[in-house]
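Shown below, as structure tokens, is a lone chain in the form predicted on its own; questions about how it binds or moves come after it.
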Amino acid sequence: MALTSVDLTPRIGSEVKLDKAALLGGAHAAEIRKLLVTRGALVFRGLNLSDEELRTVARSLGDLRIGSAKRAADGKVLNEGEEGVLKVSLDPKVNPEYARFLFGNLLWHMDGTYEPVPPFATLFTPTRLSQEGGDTMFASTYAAYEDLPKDEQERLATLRVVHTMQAALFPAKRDCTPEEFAVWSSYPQRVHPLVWQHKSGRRSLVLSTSGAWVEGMHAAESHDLLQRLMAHATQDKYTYRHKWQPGDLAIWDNTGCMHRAMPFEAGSKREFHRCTLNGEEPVTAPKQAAEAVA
């Protein structure tokens, strides 16, 4: 079966037309990867994938992550699942460790900003949907960068941003306890270039709510810059809002777009199963990339 796709917005998001057997067979994997990097987020309808099938699709597209580098304050690994499938839910009965952190998913973010090599992509499929809300939004950080004035592109390419867990979570839970804030603060900080020079030649903004401050910049100027860039990158023209249906599969390029869950009813049993593909290149500033080639 041939693969076809329909663009869902001009700048990000495509619905892929491919039956389950063809997807699981893997013959279209290279084509899907190319489309993923071009379009940022891909949607497949009506697949109803089991966990084993989700793993099969993930392995056809990249290196499936088994386990996570992320650890709780007590040293316990916050795992991607015994076999590479993480249950994503705010219900502590489903995944008690992740439920303590997942409220941060309601804000715009990029996964793995605490890692030297962030994950390449995520595969996401629902097992239970919320009664209200719960859509997922995606924003293209490739397109947002490409539309900036040339002089600003070059200025931003010289900057580095410190990413912290407390920056990622405090805006989503300002009534946190001192104990909760202490746990968030126990996580290591990570510094990344603000502009990512990808091996493909394209550049993207490295934006996430976890971005706490710009190195060497006055705190007020840093705050204003990061807020302005976040507002720029999440304009309607750079975003796609996915309304979930049972059986959907979404795949997004974590290196070239942000995502967020939209609010849903309290006490919801909303649950998704997720596979993560390990990163394939570190976040490299344009100057670093040029020096490496020279």
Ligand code: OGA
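One-based numbering along the sequence shown. Bear in mind the structure is a predicted one, so any value in this text is a computation, not a measurement.
Form predicted in complex with ligand OGA: not shown, discussed below.
For the residues L229, A261, L61, L47, the 4.5 Å heavy atom test against ligand OGA in the predicted bound form is passed only by A261. When you look in the predicted bound form, the only residue of T136, T141, S208, T125 with a non-hydrogen atom within 4.5 Å of ligand OGA is T136. Remark: all three candidate residues (V88, Y98 and W252) come within 4.5 Å of ligand OGA in the predicted bound form, counting heavy atoms only. Only one segment in the set 52 to 60, 30 to 38, 252 to 260, 229 to 237 has any non-hydrogen atom within 4.5 angstroms of ligand OGA in the predicted bound form, and it is 252 to 260. Proximity of N105 to ligand OGA in the predicted bound form falls within the 4.5 Å heavy atom cutoff. For R274, a non-hydrogen atom is located within 4.5 Å of ligand OGA in the predicted bound form, even though that partner is not displayed. The closest heavy atom approach of R190 to ligand OGA in the predicted bound form falls outside 4.5 Å. Interface residue remark: H109 is counted as part of the site for ligand OGA in the predicted bound form, having a heavy atom within 4.5 Å.
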